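The data below hold one chain only, encoded as structure tokens and taken in the form predicted on its own.
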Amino acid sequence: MPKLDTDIRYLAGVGEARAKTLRKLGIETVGDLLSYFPRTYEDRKLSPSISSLIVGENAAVVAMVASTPTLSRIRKGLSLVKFRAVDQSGALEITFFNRPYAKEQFHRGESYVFYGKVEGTLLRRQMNNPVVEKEGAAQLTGSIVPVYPLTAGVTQTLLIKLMRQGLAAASELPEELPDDIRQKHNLCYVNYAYENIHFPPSPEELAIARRRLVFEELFFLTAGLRLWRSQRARIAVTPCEAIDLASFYDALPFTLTGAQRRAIADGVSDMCAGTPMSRLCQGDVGSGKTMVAAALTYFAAKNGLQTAFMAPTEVLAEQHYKGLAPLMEQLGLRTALLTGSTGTKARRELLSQLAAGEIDLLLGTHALISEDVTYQKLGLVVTDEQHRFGVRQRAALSEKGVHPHMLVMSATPIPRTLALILYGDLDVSLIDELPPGRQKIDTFFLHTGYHERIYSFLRKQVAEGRQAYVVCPMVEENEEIEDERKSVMEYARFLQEEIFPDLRIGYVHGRMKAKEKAAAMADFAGGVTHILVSTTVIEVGVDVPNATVMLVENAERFGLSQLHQLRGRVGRGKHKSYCILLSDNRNPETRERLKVMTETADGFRIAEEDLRLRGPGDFFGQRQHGLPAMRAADLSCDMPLLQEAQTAAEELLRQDPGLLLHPAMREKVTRLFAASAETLN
């Protein structure tokens, strides 16, 4: 009998080759197999008779083969096997395409279970390529059947057969939830949950199993984040001295908003507290988060500490440098930029100055966490557009100093409940007001029949001295996607040659070399280029006040939060700005989703709608490195259970802050957060 730690290759029907394929799904042991949950289910319970089958729906029915199967070849490469199956109530025409061997598999007088979509008419029902099993030997029909995520070389049939073998080890599964919590929250035992998440006899038993597994997953995730946070709070660092920031405020050519000042005060308070700051500064597009980072950089420098400021792209890092360097120089701080494009000689000189403490603020990309980068006294780490980094990368930058303070910034609005998962280890400062003078952006949702009028509008804007972005969802041609979904380069060429031969059209995409990308952005920012065709590489940080139009092709292919980010690239100057979303998609849900963009500019409301309509995929598309993957929970529908699990975890940690009375739980939490386990020691 298999055990939880039994290597998957020892199950019947696997072997070395299949084991290698299964490892691509993260399945190496029987325990891994049991934790590979279905993504959905098909109700393949038997219908009472052929006459009860509803045309257009999937169904399973027992029927006897009533005619000898015939094989015919329609044309080269296409064959049909047909026969008639019957029961006491009627007949069902069965057809198999391109399965000539099916002619020999079925014999008159034998009964089978057929599962598939019922087609035809009420008088002549039929099934094409159904799932078929011998009556009395069914494994894939006759019940609620799990549907698993697959990879090449792994079929549903294989996983179902392996899962039935693996469940023999379910009795070994440890009961890791404390019994009082399990009883208080009306949760089933763990072995019952695993058996019924894979092969539920009924929807009710599936719901019981799923509730247990989702609660447990969210409970341990919350416990890990809270434990992580409490352990960090016990780290002692030399507190910064309170310093008057009047000089910083006086150096600014504008007045900060109340929300910005509150976020700065939060950061200063953290840095004076004697424990490392770990704060998320979250604010909508254009709310002024960078100035919060600048103020805390100034505060750190006045306390003798260096700051490392990491951005996700060279374009954004260079833009931050151009914006912050003059301000910092005016304040007496020395600033430098380090990216992958920094030349060897310049890099060597920069690293020497950094190690000698001659640089107060170092801006850059992932280059900041390179092995040869050494700081004299790194005291503040800032990461911009935090959702593009992760726990590990944050930790790698922090390790360049001795418990430096950490500020992470995100302009991607995240619903509060989701933020508790993504950023459960951070304190939060919310910048919920925009600086004066930001323009309202008129947003329109149109179909592609408006292209000609839109191009005329773009020409009018350019004639008035303005500029425009055109965003495409692709970089290269793809024959499987409609012609209008052109690549950036193709679309730029089309606009230049066919629509605007007298204007200057530029393009930028993520696969360009850094210098090419920077040159294209510089041309647009300097007004050399009238229209910039781009992928979402311009989604964050790019600041061209003269750009007044954001045209997004195939808008249905973006999440709402991403569209909101793109819209935030315009409306940054004194001129009236517009966002035009184009889509011919007729799906009612898609149209409802895009219509939200025309109704509100509130990033947090948009994020809530994105979560409700699309699920949490957008937010977890680039999962936080170091956080455990969620196998059972779906945050688009499990929010009430998330809150229940969080409350339970917090109550337990109040009674046992270090989980010292619950060693099994502590061991599981450490295992889950293995990528950052050192933070729990």
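Note that the structure is a prediction, hence the values are computed from the model and not measured. We number the residues from 1 along the sequence you see.
One more form of this protein exists, namely the form predicted together with ligand ADP; it is left out here, but the text below deals with it.
Contact annotation: A518 falls outside 4.5 Å of ligand ADP in the predicted bound form, judged by heavy atom distances. Within this chain, I243 is remote from the site of ligand ADP in the predicted bound form, having no heavy atom within 4.5 Å. Within this chain, A223 is remote from the site of ligand ADP in the predicted bound form, having no heavy atom within 4.5 Å. Heavy atoms of D610 never reach within 4.5 Å of ligand ADP in the predicted bound form, leaving it off the interface. The candidate stretches are 374-382, 504-512, 108-116, 288-296, and the one lying within 4.5 Å of ligand ADP in the predicted bound form by heavy atoms is 288-296.
Taking T255, T344, S352, N186 one by one, only a single residue has any non-hydrogen atom within 4.5 Å of ligand ADP in the predicted bound form, and it is T255. Checked against ligand ADP in the predicted bound form, the candidates R466, R212, R438, R125 yield a single residue with a heavy atom inside 4.5 Å, and that residue is R438.
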